[in-house]
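Here you get one chain, nothing else, as structure tokens; it is the form predicted alone.
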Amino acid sequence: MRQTRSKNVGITLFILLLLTPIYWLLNMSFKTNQEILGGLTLWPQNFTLDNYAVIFTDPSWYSGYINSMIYVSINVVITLLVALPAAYAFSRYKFLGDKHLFFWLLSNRMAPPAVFLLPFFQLYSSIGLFDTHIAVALAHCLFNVPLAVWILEGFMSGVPREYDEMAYIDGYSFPKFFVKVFLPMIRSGIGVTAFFAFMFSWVELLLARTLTSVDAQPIGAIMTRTIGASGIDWGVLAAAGSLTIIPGLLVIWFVRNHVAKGFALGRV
């Protein structure tokens, strides 16, 4: 009985610690700058939606969300298109240097983004990809593809090879078997992979900020450049931060079952 109560208290405290910054962010987003800087209040004394109005009416703000969604979506699609056949090859075939190649892929994922910042910047500037959505998407693929291959390889290894053999006996071509038979069997792995690819690309700031300037600038970079002549607009910044959380929550909601299965089956 005491052990159960201790667990409940611990879980409650943990949830409160997680939700407190989110609540404070929402609380600030409904306040004016004067109230935010005037003192500590647990809820808005002069409730206002002006901060959100600025986000939805000022192109310099809402374009950041559009840019972020564009390059994140491109990144997720490219990551899955590259990682799915690569993971299948690692899970089904043995070839010279396969373990070393697999380790090399993971070692790329372990490197910090700052290591590749200068090469990406010089390369994209020279070929005309600087400040484009595809530039950020491709840069993020360097980190997402290795992780996606590693996750998907674990799910694919759990599918018996007999399914492949039976499909070929039944006259299935490889593309037909892969799309209609194999991929539905690992849909949980695909959901988990898409989730992690989305989250990394959505929250990554260093590459996204350096490789863009105006046309493809993400919301994270815009939020770091909010200092004007009158100082920092804390209310607008809080509103922008609150809206930034929503896409992540939606993705978690749609793939929650797949993520739970991923934790149960391993490789997550």
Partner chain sequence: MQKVQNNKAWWLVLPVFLLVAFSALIPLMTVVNYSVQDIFGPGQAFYVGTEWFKEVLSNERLQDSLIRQFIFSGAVLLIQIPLGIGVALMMPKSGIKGSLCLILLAIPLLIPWNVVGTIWQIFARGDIGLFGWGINQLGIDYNYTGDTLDAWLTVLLMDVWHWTPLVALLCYSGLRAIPEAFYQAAEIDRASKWAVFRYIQLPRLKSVLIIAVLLRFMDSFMIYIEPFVLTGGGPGSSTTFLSQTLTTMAIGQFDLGRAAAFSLIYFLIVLLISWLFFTAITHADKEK
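Numbering follows the first chain given and starts at 1. In this text the structure is predicted, and so the values were computed from the model without any measurement. Basically, rigid core = biggest C-alpha set you can superpose within 1.5 Å across the two forms.
Missing here is the form predicted together with its partner chain; even so, the following discussion is about that form.
Checking 183, 77, 117, 166 against its partner chain in the predicted bound form, a heavy atom within 4.5 Å turns up for just one residue: 117. Within 4.5 Å of any heavy atom of its partner chain in the predicted bound form lies no heavy atom of residue 55. Contact check for residue 101: a heavy atom falls within 4.5 Å of its partner chain in the predicted bound form. Residue contact check for residue 205: one or more of its heavy atoms lie within 4.5 Å of its partner chain in the predicted bound form. In the predicted bound form, at least one heavy atom of residue 234 sits within 4.5 Å of a heavy atom of its partner chain.
Heavy atoms closer than or equal to 4.5 Å to its partner chain in the predicted bound form belong, across 109-127, to the residues 109, 110, 111, 112, 113, 114, 115, 116, 117, 118, 119, 120, 122, 123, 124, 127, ordered by sequence position. Once both forms are overlaid on the rigid core, the distance between the two CA positions of residue 9 between this form and the one not shown is 2 angstroms or more.
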